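Below you'll find only one chain, the form predicted alone, shown as structure tokens.
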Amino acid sequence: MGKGTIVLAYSGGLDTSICIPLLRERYGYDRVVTVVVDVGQPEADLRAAVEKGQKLADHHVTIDAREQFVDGYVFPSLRANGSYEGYPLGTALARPLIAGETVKVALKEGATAVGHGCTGRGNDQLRFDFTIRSAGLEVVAPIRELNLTREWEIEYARKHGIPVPSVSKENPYSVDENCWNRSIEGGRLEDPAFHPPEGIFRWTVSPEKAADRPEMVTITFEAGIPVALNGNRMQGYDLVQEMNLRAGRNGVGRNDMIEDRILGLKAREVYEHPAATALLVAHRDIEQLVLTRQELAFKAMVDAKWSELAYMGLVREPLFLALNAFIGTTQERVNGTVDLRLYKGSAVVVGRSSPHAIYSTDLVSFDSTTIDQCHAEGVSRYHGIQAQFLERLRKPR
């Protein structure tokens, strides 16, 4: 007697595609249900994944979560200045959503287990496992549990007639994409000294080949969320895609880095994130205009912890929810506009304004007489007074 139904988080790539026959042959499941969650991956890739899922699985489900991803994951990350070791969070944001939607299907299908195609070397296994186990379901991870290699997977796919046109021994790159981030790894990129070929990039032009004239864009924020570009109000997903286009054609948003994974392994990762780069620059700048020095200093620590928990996929951790509450309070005043200059790989703020600005042209101007400069004398006398005492004590008598 078989094990019944298992629901598989499905991307259409090599790992998850070979999981379908493996779940039948090696694990004894009678019925495999695949779930594709649309978080802004390319339409062609999405269409191919859906067609493969429908062909290979016993039942297939496709979920459009693009707006949910942007509104519920991307923009909260932006409000938290979400980044990990210098690059904007991307893949980490999508995994809990994909896992959560897959869990919903599993519960509806009466399944007791959820499968995924994560390896035992990366971060995604932990992000998926946490969400699945939090729902009280069993985790099945064939790639990890069977200790499979990429070369073995390619041969297995060929023997089972599974089409995986984007992966071969000659082109072994593994690409994960959502509307906020595109990550490329594997193949020769595993050598930290290897120079990434220009052909692996899709969202960004090389800065050297970008336009010779800068492009200006004005971003409007409401409660820390971008709502308009150049005065044109847009839905969240559409705004992100438009910024990907604008920033990407100006060579903005590439990272080639050595990243510390959750398990402690160092990995070479190449990323593209034009919209994320530009919007984070703008968001951090307007925060500087409207938040107090104490708020900014404390929020920097909160943002760092928020990003660490998000990177680990611990979005149901109570501390994560508490950090969101603090961040939400600070964002109530993050309203206004930021003017960005996009030019040959850089996104630079050239102007900003807000009705909540903690700024007075009159008080700060060199030509202003509003402040009596003599009043600063009293502050100056006590500035660093303890260090002054110590300096006097050190001097020989």
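When you see a residue number, it is the position in the sequence shown, counting from 1. Please read these numbers as outputs of a predicted model, since none were measured by experiment.
Just so you know, the form predicted together with a small molecule exists too; it's not on screen, but the next bit is about it.
Quiz item: Hey, of 91 to 99, 105 to 113, 143 to 151, 236 to 244, which bit sits against the small molecule in the model of the complex at 4.5 Å between non-hydrogen atoms?
Solution: Looking at the partner contacts, the answer comes out as 91 to 99.
Quiz item: Does S174 make contact with the small molecule in the model of the complex, using a 4.5 Å heavy atom cut-off?
Solution: Yes.
Exercise. Give a yes/no on whether E287 approaches the small molecule to within 4.5 Å in the model of the complex, heavy atoms considered.
Key: Result no; E287 lies far from the small molecule in the model of the complex.
Exercise. Indicate whether Y311 is a 4.5 Å heavy atom neighbour of the small molecule in the model of the complex.
Key: The answer is yes: Y311 has a heavy atom within 4.5 Å of the small molecule.
Practice problem: Determine whether any heavy atom of F130 comes within 4.5 Å of a heavy atom of the small molecule in the model of the complex, and answer yes or no. | Solution: Flag for F130 set to no.
Quiz item: Hey, with the small molecule in the model of the complex, do D38, E67 and W180 all fall inside the 4.5 Å heavy atom range?
Solution: None of them does, since no heavy atom lies within 4.5 Å of the partner.
Quiz item: With the small molecule left out of view, which of E138, E317, E269, E222 would have a heavy atom within 4.5 Å of it in the model of the complex?
Solution: By the 4.5 Å heavy-atom cutoff, the listed residue in contact is E269.
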